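Take a look at this one chain, the form predicted on its own, written out in structure tokens.
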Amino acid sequence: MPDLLEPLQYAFVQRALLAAVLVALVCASVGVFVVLRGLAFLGDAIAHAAFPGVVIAFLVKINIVIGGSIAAVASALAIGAVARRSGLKEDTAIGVVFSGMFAIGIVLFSSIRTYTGDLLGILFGDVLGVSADQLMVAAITAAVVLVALWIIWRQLVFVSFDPIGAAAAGLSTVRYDTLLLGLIGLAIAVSVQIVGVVLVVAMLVTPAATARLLAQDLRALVVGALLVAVLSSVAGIWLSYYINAASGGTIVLVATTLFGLVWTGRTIARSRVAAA
């Protein structure tokens, strides 16, 4: 039987666990609104739109997380502005901004002739390669997102469930929608360096979607999403260590497996109730 505490003797695994838990907390908290408001495509778009910011930061030799954060938040706000002012549907605005931003990233990336291991890590994730500096930036960004969510939580819930009533009560739905988009952008920016552009949308959507299958109210949904996200992150790191697999992908596979198990169990339970 393997020693379950063996991975903890390595500093890089300790950093990976802390980083993965930070991502879990941030993504699950923001992901509740992503799932409730049907913004999964938006999350995917912002994750890809962060890529040009990462490449530009690499070229000018600044922290790539800072570059990704700026691009992600700017893209989220641009999507909201285009959707409001152009008369186009939100999914159309998402498609325009997402494809344009990602194309910029591809063009810039193709112009680089030197080693680009850091950028490939951003695309596909490199949890075990998280440095102390990256962990610090991730912790600060995560704290900003979580504190901001805590401050405006009630208003966001009101605007999300009853935008007409919120407007009648004097709340600016545009302001809070913009704040939510900005927080989604920050959450994605802090997560991209851990699980990568390709997988970050799964961490935003899957834990919250799993919890929604069982939750009867918003409180249960939030708690369930946090539990699924943290469990997936910790179990994914541990499993990837012993099977020598990519940690980011393993974390997402664990989360997807939990979703599959919950969905299957719920379907069987409903079938039995219907048959009775």
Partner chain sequence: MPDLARVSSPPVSEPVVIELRGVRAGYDGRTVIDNVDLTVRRGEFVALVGANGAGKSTLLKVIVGLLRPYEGSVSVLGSAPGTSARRLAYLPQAETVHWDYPLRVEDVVLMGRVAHAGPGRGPSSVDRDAARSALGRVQADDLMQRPIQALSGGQRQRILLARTLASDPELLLLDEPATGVDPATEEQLMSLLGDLASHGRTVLVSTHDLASVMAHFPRVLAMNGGIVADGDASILRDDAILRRTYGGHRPGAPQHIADEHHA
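Because the structure is predicted, anything quoted here is derived from the model rather than measured. Residue numbers count along the first chain shown, from 1.
Below: the form predicted together with the partner chain, not depicted.
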query: Option from 180 to 188, 157 to 165, 138 to 146, 67 to 75 whose residues, in the model of the complex, bring a heavy atom within 4.5 Å of the partner chain; finding: 157 to 165
query: Interface membership of residue 218, the partner chain in the model of the complex, 4.5 Å heavy atom rule; finding: yes
query: Residue 171: touches the partner chain in the model of the complex, heavy atom cutoff 4.5 angstroms; finding: yes
query: Contact test in the model of the complex: residue 36 vs the partner chain, heavy atoms, 4.5 Å; finding: yes
query: Partner contacts in the model of the complex for 176 to 196 (non-hydrogen atom within 4.5 angstroms of the partner chain); finding: none
